[in-house]
Structure formats: C-alpha cells, structure tokens
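Just the one chain here, the form predicted on its own, laid out as structure tokens.
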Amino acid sequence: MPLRASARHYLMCRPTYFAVEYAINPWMDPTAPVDADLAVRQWAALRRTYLDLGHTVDLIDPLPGLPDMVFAANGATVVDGRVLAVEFRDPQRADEAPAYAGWFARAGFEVHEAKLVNEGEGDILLAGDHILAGTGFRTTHAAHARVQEVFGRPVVTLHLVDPRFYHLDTALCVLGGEAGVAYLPEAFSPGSRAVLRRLFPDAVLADPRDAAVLGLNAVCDGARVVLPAQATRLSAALRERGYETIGVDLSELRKAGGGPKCCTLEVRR
C-alpha cells in the first residue's frame, strides 16, 4: 500500500526565552554556551517546513522564566479532541503545565487533569489504534492507566533504560504505513523490545549514531518525515521504505535535549 501524507495540526512555542539554565537530562550543560538567536532561527525554519508541507501551525505565547516551553510536545496529549494535561517531574518546568492547559481550554477543548506525572507527547504517542506510553525516567508507570481512562484506547507500556533517551519520543518515532514505527532497540528493556518486535515486525531500526543526534525525535505525516539533518543513516533507511525525508538543523535546541518532535505537539480534533 502506498504511503499517504495527511494534513496535520500542530501547536508550537517560539523559543524566545530559550536557554540552558539547569540540567534535568544528560544533554543539558549550563556551562556550555547557547546561541539563543540561532535557536530562534532554527525553530522558525522548522515551523516554515510544516507550513510548506501544508500543515496548520498554531502558536502558544512563550512565558519568561520557562526556557523549555519551546518543547511543546511535553505540554499535553491530544487525541479525539480530548486533552490530557501534564504534570512535570521537575519543578523547573512545572509552570508550563497550566500554560498549555489554559491554551487548550480557551480553544474549546475538553481538558482532563493529569493527576499523576506525565510529560505529554514526550512519553505518550498515538500509533494506530494503540497508545504507546513510555516510562522509566519521566512519566510514571501509574499514569498509563490515566491515559487509558481519558482516551479509551489500549495503552502499551514501554520501559526506557538509557538516560540519554529520557522520553519515548527520543527513542521512537511513529511513522504509519507497514513499518509503523522507527526505534532504537537499545533504548528499551528486553521485555519492551519483545513487545515492539511483536507489534511492529517491519519497523525501521535506528542506528545508535543517529539516535545520538536525536534522529528519532522526528515528525511524520504518513509519508514525509521531518527529522534532524544529522541523522543521515536513518534518513536513508526511511527513504528505502518509501518515505520522503526532510532534514532540519536544530543543533541549538539539542543542547537542551530537544529535536523536531519535542518542538511539535499534534492537535488531534
């Protein structure tokens, strides 16, 4: 079956206040210099890429004092017009949660309280009829039951074991088509690897070198994959499967552990 792209609706946040002021994942080094202007330009190029592909992009206003608010994927999970709000593990990001929940409430969405620590689409990814839910570093295992209750879809728990891949969306990308997903096996526990093999026997397996530049932190619209330009092996593997790949450079935002998907929250009405 040929791959088919579909128009998507995304929410993004301009990195006006982006900085690396603390370390809550292995990518972050507050002593390393960050070019905030370059981060804005790289983010703007990502947004322009989505618009050029025919997608809708809404913007949430950035707030001072929240340097990681650019990572919109962590702000909520949206499926079938219902929004599951988030609760962050780390206090440095706590004030992002009400900002995103308020945006969706004002936009007329049905917003459900988090109740437990979950970090949105960082760890909760819709894949066909299932929801893949990561745990191990951020989102708690107990929160997966809340995900199922809110969205009424089967939830598959996946355990992350490598702290570099602290969110599911750094270790796995939902593709659609026969492949279903691309992922890095080494980022998951043995049991979770077995689950992924059973669910997605034709998955694209990522090279660890591409995962190390957050190559799996990518966004697919069914046929076209927007991914870090440095993930050349993964890009080639995707093209072999019939996907069109669009490389973008988010090297400044990667200094905080983020890539294209981290900057992109899908709004599914």
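Here the structure is a predicted model, which means the values were calculated and not measured. Sequential numbering from 1, following the sequence displayed.
One more form of this protein should be noted, the form predicted together with a small molecule, which is absent from this view; the next part is about it.
In the model of the complex, does every one of 74, 138 and 262 come within 4.5 Å of the small molecule, counting any heavy atom? All three within 4.5 Å in the model of the complex.
Answer with yes or no whether residue 170 is in contact with the small molecule in the model of the complex, where contact means some heavy atom within 4.5 Å. Result yes; residue 170 sits at the interface with the small molecule in the model of the complex.
Is residue 245 close to the small molecule in the model of the complex, meaning a heavy atom pair under 4.5 Å apart or at it? Close contact is absent here: in the model of the complex, residue 245 is far from the small molecule, nothing within 4.5 Å, heavy atoms only.
How about residue 256 - does it come within 4.5 Å of the small molecule in the model of the complex, if we only consider non-hydrogen atoms? Close contact exists here: in the model of the complex, residue 256 approaches the small molecule to within 4.5 Å, heavy atoms only.
Contact label in the model of the complex: residue 93 to the small molecule, heavy atom within 4.5 Å: Within the cut-off, so yes.
Okay, which stretch from 22-30, 218-226, 39-47, 203-211 lines the small molecule in the model of the complex, with non-hydrogen atoms inside 4.5 Å? Contact-bearing stretch, as computed: 22-30.
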